[in-house]
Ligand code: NVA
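Consider the single chain below, provided in structure tokens and representing the form predicted alone.
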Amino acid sequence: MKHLITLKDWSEEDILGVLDLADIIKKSPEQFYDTMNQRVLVMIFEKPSLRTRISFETGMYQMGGHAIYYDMASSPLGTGKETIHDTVKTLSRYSDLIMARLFAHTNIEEMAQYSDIPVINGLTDFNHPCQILSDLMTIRERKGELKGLTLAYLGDAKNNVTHSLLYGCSKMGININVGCPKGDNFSPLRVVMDDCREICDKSGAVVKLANDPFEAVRGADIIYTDSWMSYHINSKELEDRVQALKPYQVDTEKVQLGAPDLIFMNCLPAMRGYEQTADVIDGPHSVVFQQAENRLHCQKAIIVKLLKEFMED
């Protein structure tokens, strides 16, 4: 049975399958109005959410199904009165799919290990595969292709979005330059970099780590950034992090070093004046709300693909 836990586990063909299906769903949503008739998605939330919750819930509704919001803070699982094993075994008897947005990646892995139905990673501290599938969809819409493009990521690179971007770009043949401060506090995990360099040996892409932000963005087709204050970061660290990351802020000077038809991406939420300037995120290069919209179409495609494969097993 296939789950969506990390893009490391998915092949290029798996990813293309979701992107192609998402394109069809976006163009002709009426073809899928009854696809999830009498189907139930349970959504487990430990972290707050706007796009993940609304896109999955709306997607199930628009395809004739139902989504249940399950808040860990008020649940037996969240209060430690029930195990992950017992929770997912029970949910497997009630529902058709599980989506979970959690802190610890080991917990989503444990859910997938014991679940009798497909499990979708809606975000953990390590990975955010649903976001990056939607990003790849957006890039292909704007550029017409994926292979051979160059994406530059700037900012805090030790986070779930950067790790998933590294896997997704490497799988799809997109070169990726990661521009971040020196040291382990802001750099991608070494195991991820090692994984992706192996993947690139097959895909033909190149992964680079640069401490010079201008070097990272030069000639790039896409510039991507993310919040400097992820959910797990203590607010007391704001001043120190701003000082360390300000050189990696995406501004007009850096955008001008990219390709003429460069696009700017941020998975949102975004803080103008921090990871990017207002004139960049609100300017002509920005596709951030196209990214946000494509979360809906891509979540639908993920649901349809996983449930179809599950039913065929």
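These numbers come from a predicted model, not from an experiment. Counting begins at 1, following the sequence as shown.
The same protein has a further form, the form predicted together with this ligand, not shown here; the description that follows concerns it.
Undergrad: Heavy atom within 4.5 Å of this ligand in the predicted bound form: which of 230, 83, 79, 185 fits that? Just give me the one.
TA: Answer to the contact question: 230.
Undergrad: Under a 4.5 angstroms heavy atom criterion, identify the one residue in 88, 123, 174, 119 near this ligand in the predicted bound form.
TA: Checked against the cut-off, the match is 123.
Undergrad: Check, residue by residue, if 12, 170 and 204 all come within 4.5 Å of this ligand in the predicted bound form, counting heavy atoms only.
TA: Checking in the predicted bound form: none of 12, 170 and 204 is within 4.5 Å of this ligand.
Undergrad: Would you classify residue 283 as touching this ligand in the predicted bound form, given a 4.5 Å non-hydrogen atom cut-off?
TA: No, residue 283 sits far enough from this ligand in the predicted bound form that none of its heavy atoms falls within 4.5 Å.
Undergrad: Quick one: does residue 226 come within 4.5 Å of this ligand in the predicted bound form, counting heavy atoms only?
TA: Yes, contact at 4.5 Å.
Undergrad: Report whether the minimum heavy atom distance between residue 263 and this ligand in the predicted bound form is within 4.5 Å.
TA: Because no heavy atom of residue 263 falls inside 4.5 Å of this ligand in the predicted bound form, the answer is no.
Undergrad: May I ask you to state whether residue 151 is within 4.5 Å of this ligand in the predicted bound form, using heavy atom distances?
TA: Judged by the heavy-atom cut-off of 4.5 Å, residue 151 is well away from this ligand in the predicted bound form.
Undergrad: When this ligand is placed as it is in the predicted bound form, which of 90-98, 138-146, 207-215, 154-162 ends up with heavy atoms within 4.5 Å of it?
TA: Residues of 154-162 come within 4.5 Å of the partner.
Undergrad: Can you tell me which residues in 283-313 come within 4.5 angstroms of this ligand in the predicted bound form, by heavy atoms?
TA: Heavy-atom contacts to this ligand in the predicted bound form: nothing from 283-313.
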